[in-house]
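First, one chain by itself: the form predicted on its own, in structure tokens.
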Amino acid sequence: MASAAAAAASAEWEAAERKVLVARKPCFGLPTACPTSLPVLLYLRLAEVPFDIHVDTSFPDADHIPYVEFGDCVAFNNERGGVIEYLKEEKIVDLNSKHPSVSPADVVSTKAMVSTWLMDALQYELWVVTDGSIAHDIYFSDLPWPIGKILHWKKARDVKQLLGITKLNAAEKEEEIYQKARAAYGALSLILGDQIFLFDNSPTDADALFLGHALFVLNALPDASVLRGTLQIYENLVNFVEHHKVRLLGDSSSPGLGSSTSPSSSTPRKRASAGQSYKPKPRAKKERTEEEKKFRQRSKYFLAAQLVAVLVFLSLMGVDSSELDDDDGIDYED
């Protein structure tokens, strides 16, 4: 049964004229600024798979993004270990299979460092240490302020709980997180040496994971970031990232990257914007004034409804609303 499903998925992949990566929006000079979406994009690029990028801003807190659509099949981030693992298990796109001489255990252990120690440090800086502006730009900038504020607070709380951070152990946990990150960067620097890729001179999924992490750290995190400063200590890692950024992303400062003749290029899916919808004919000045008054009145009702929703949410969660207005944005729990 499993082999039949894998064969069907592989056939869909081959038959699909174009694959679509649904990811979060571009920002900070990256084609997608999401730390989870970026490794998937890089994996497809390393595999020289032609695909389009479709930006999804409808579900800022959804864990099924990124996902890849091909034919009638969809590979979601929150299923079967994620998009990359799905593509490998189904024998659709497996970079590692091209390198029989590379020890699978070495690749797995390297990926574990990136997906645990380095991911923990990145999540800590993104949701706990920084002022929230970076996460806002990536996930919540298209949402009304109250909703974005609530979702940010909820995610920050979840990250602190995941990392086991409390008021009593905040300093110790921070040192532990950065110590593991330093150890991971040091180990990766030794593994890389002067090679083009981490293992031999051909890419694996470990390269995609680390490249996605490092590109985000170097381009999205502020200059004062401890994680960024730690990574910049290792010259060969920085050179590795910059080399592949030029090769795989090119001029990624423009959203969607545009189209090119490269087989691994990405183009955004064409979507009609809200500003291109039907526009009514101009009316008399008096009618416009009345409409403006109605619109403003409805806007006030809408904002009031949002405020009520926020207060109800806080009361149900048993949270003091002043927690959302902390200057540093940090709220450790016992």
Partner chain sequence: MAAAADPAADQNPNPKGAKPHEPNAEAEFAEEEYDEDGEEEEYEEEEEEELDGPAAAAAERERVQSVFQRLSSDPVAIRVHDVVIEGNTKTRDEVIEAEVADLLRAAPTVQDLLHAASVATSRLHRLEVFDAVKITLDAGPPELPGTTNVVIEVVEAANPLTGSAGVYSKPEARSWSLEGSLKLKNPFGYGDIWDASGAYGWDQTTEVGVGVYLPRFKSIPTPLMARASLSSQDWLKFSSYKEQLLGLSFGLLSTMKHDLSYNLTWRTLTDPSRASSMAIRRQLGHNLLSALKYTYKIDQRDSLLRPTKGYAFQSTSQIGGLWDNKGLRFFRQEFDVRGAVPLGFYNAALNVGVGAGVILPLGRGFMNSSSTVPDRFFLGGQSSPVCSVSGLSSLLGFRKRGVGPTEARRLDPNESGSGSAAPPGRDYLGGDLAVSAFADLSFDLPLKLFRDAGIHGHAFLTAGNLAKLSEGEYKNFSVSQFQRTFRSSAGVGIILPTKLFRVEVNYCYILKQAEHDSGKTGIQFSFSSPM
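Positions refer to the first chain, counted from 1. Since the structure is predicted, the reported quantities are computational estimates derived from the model, not experimental observations.
As for the form predicted together with the partner chain, it is not shown, yet the points below apply to it.
Against the partner chain in the predicted complex, the set 97, 109 and 187 makes no contact: no member has a heavy atom within 4.5 Å. Contact with the partner chain in the predicted complex, defined as a heavy atom within 4.5 Å, holds for exactly one of 235, 72, 158, 172, namely 72. For the options 151, 196, 102, 191, the one in contact with the partner chain in the predicted complex, meaning a heavy atom within 4.5 Å, is 151. In the predicted complex, the partner chain sits within 4.5 Å of a heavy atom belonging to residue 146.
Although the partner is absent here, residue 26 is not a contact residue: none of its heavy atoms lies within 4.5 angstroms of the partner chain in the predicted complex. Taking the partner from the other structure, the partner chain in the predicted complex has a heavy atom within 4.5 Å of a heavy atom of residue 20.
Using a 4.5 angstroms limit between non-hydrogen atoms, residue 78 touches the partner chain in the predicted complex.
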